[in-house]
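Just the one chain here, the form predicted alone, laid out as structure tokens.
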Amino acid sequence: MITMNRKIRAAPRFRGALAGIVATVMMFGLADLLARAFNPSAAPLPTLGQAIIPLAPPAAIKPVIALFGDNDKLVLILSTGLGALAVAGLIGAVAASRRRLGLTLLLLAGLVPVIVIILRPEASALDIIPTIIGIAVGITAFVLLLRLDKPETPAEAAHRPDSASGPVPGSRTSNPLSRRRFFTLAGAVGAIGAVTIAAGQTVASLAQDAGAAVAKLVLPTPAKKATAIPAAASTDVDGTAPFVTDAKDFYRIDTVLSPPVIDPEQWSLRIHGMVENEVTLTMDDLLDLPLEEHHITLTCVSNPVGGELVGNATWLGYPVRELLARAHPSADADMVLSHSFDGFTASTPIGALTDDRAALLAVGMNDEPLTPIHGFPARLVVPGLYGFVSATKWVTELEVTRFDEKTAYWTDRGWDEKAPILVASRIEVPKPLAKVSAGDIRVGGTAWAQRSGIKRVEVRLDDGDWAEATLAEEVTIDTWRQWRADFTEVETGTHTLTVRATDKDGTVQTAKRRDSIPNSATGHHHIQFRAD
């Protein structure tokens, strides 16, 4: 009897929890669809996730990026959504016995994304409308579900035709017809919510594609073309990354969940701070300048040894040194704090922006305008520095200042201020744990050491001697370089390959392992494979 009473009490709590979950799915789905159709940045779920990013400690961020790479944002969105559903389920369970309290808690929980949305610096009062509508519809669904789950009295249960044994004395049970209606409505509400979430994602994708298309940003012919890429820049080892990385395959690491789509006609760049003359540049001003093309490899500081957070592209832009020259920076300035549309900042040594390297205010990537996820309409590209101190996307300001006066987003979280890129290499063929034919095998990969260039790559099979690899032709010192090596009479069994690179300054890639904080993971990349 005690066990039966517990089951009777648990059933309404379960249905209440389910009601809370499906109502929340409906709320997020409808609000997401409405927001993305009119203002993608007002979607409640990404906005909640975005609010979490600055609060996350670096010690938590690093392993997430290392594990999931540029899927980290999807993981955060899913985690935020699951957390919201868990809270909604608990509130629904409370509402099963205390409905007024449950409704109040659900309303308060729904207002959290409203508050987060309205507190954004760029927010307007209209931005909260999609979420308010979503909350209203979600709570309506919640109330309907709770009403359908209305318990019946013992007397009502006794008179039901299907009541075989009669009611449990002193209990209030759920009406089977109400239960069926409850689960039917819950399934319908959950399905509608899921469909609206999927539709919202589709609208978001279309809106981003349309944002660049509607802008009709026509790139001018470069005044200075990039160095021609010779066929010898590739080793032709099947499976090695292409010399130029396609934009859709280029890694993405930034601090926004939903990339802003900015009208280039409304975009401008302001250069200010420790300067004699403030400078403001519009997109028309920028496109009228003699733009330059350069092949440049970018690397994320969070890239694990042998990782994929590195890519090479052909960038079109204008030298930042020329823009800074217009502003006449103070001789005491040693840093430029770049500001992004989304509030992100990066601290770049002013010397890296004023020397002869191809530091660009870029508008194009691989002969096309930048895409929203890669910084449309304009971003910084600086050879030789990790992206977190140089590659600001959606850039709107260059503030000339000093390291002892200003700090940036990631330096406030314990990362290095200047972050020069270290010499590195990786094995791309064979893949880890791959099976290959015993005998003669060819291996290959890439190495990079921007601002110096790669002088030598060496590969070791198992515990053998280091063997010098054959290098592909160098295009520039600011791009990666492909390599290949051949091993003969490789016996059947499991083997280990290890690679190391040396730059033109004589710096040998260190074997010492360390984490990426404060300035890049280090160590030799090695993989195991099976020869059969």
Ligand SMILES: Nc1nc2c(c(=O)[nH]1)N[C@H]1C(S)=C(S)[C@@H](COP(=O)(O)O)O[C@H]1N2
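Just so it is clear, the model here is predicted, and its values are computed rather than measured. Residue numbers here begin at 1 and follow the sequence given.
One more form of this protein, predicted in complex with this ligand, exists but is not displayed; see below.
In plain terms, the part of the chain that comes close to this ligand in the predicted bound form, with a heavy atom within 4.5 Å, is 298-306 out of 298-306, 140-148, 347-355, 426-434.
Contact annotation: V457 falls outside 4.5 Å of this ligand in the predicted bound form, judged by heavy atom distances. T240 falls outside the set of residues with a heavy atom inside 4.5 Å of this ligand in the predicted bound form. Although the partner is absent here, F376 lies well away from this ligand in the predicted bound form, with no heavy atom inside 4.5 Å. In the predicted bound form, no heavy atom of P130 sits within 4.5 Å of this ligand.
With the partner removed from view, the residue among D416, D342, D334, E399 that has a non-hydrogen atom within 4.5 Å of this ligand in the predicted bound form turns out to be D342.
Proximity to this ligand in the predicted bound form, defined as a heavy atom within 4.5 Å, holds among T245, T255, T411, S452 only for T255.
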